[in-house]
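In structure tokens, the next block holds one chain alone, the form predicted on its own.
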Amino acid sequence: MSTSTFERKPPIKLAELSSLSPADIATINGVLARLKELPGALLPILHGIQDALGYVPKDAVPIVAKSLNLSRAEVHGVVSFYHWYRTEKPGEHVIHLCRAEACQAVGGRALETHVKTRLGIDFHETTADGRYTLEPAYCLGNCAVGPSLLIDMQLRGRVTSARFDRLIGVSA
């Protein structure tokens, strides 16, 4: 019997690391079970996951891809293309600030500066205490009463710096 200088070893199995909790996985699977048979199911599924978890975790991408028989790249491409989807856990309250021209024409830029300064963050960031996430919006359809913003999906118009402070419970 001859011996080889190369031993045949079993392939290395790398456990897939996931940041998802069992509850998160169950939530994602529930959304998939409910929506995957819809025509064009990817967008409704991603909305469902974000509605349930507050964001679309990166570790949800392979689960969604496998369920819909898509590549991970296809799912990631959709998540990264649409600005509405978040891939990081948001703060307790999400603020969408309108950046459209109509709001800018009535003080939107000054409000943007105030909001960023008051919160100490920029767009796509969350305050250090985890309380607020700031996101841009490119028209909230509230042009007649700008500048406008959403706080936790509640539309507000004619927002001044002082009104913003009252809305978030901060005194000047």
Partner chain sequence: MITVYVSRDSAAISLGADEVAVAIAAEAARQGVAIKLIRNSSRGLFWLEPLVEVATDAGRIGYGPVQAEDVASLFAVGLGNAHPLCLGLVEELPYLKTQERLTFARAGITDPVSLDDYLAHDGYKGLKNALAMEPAAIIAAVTDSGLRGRGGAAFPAGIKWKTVLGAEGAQKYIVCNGDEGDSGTYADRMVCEGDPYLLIEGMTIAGIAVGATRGYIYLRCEYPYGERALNEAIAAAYANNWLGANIQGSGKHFDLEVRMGAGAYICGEETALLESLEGKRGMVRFKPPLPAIKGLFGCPTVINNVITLASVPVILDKGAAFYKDFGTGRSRGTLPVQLAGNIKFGGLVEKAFGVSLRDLLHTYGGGTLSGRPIRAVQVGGPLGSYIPESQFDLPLDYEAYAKLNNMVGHGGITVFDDTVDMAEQARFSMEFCATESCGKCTPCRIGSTRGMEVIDRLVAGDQPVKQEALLRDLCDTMLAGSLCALGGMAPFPVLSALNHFPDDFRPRATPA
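Numbering follows the first chain given and starts at 1. Everything numeric in this text was worked out from a predicted model, so none of it was measured.
The discussion below concerns the form predicted together with its partner chain, not included here.
- Looking at Q154, you'd find a heavy atom of it within 4.5 angstroms of its partner chain in the predicted complex.
- For R109, a non-hydrogen atom is located within 4.5 Å of its partner chain in the predicted complex, even though that partner is not displayed.
- None of the heavy atoms of H93 is located within 4.5 Å of its partner chain in the predicted complex.
- Interface membership of K89, defined by any non-hydrogen atom within 4.5 Å of its partner chain in the predicted complex, is ruled out.
- Residue in contact with its partner chain in the predicted complex (any heavy atom within 4.5 Å), chosen from G30, G130, G141, G120: G141.
- In summary, among the residues K36, H47, K58, H114, the only one with a non-hydrogen atom within 4.5 Å of its partner chain in the predicted complex is H47.
- Taking a 4.5 Å heavy atom cutoff to its partner chain in the predicted complex, the contacting residues in 91-117 are R99, A100, E101, A102, Q104, A105, V106, R109.
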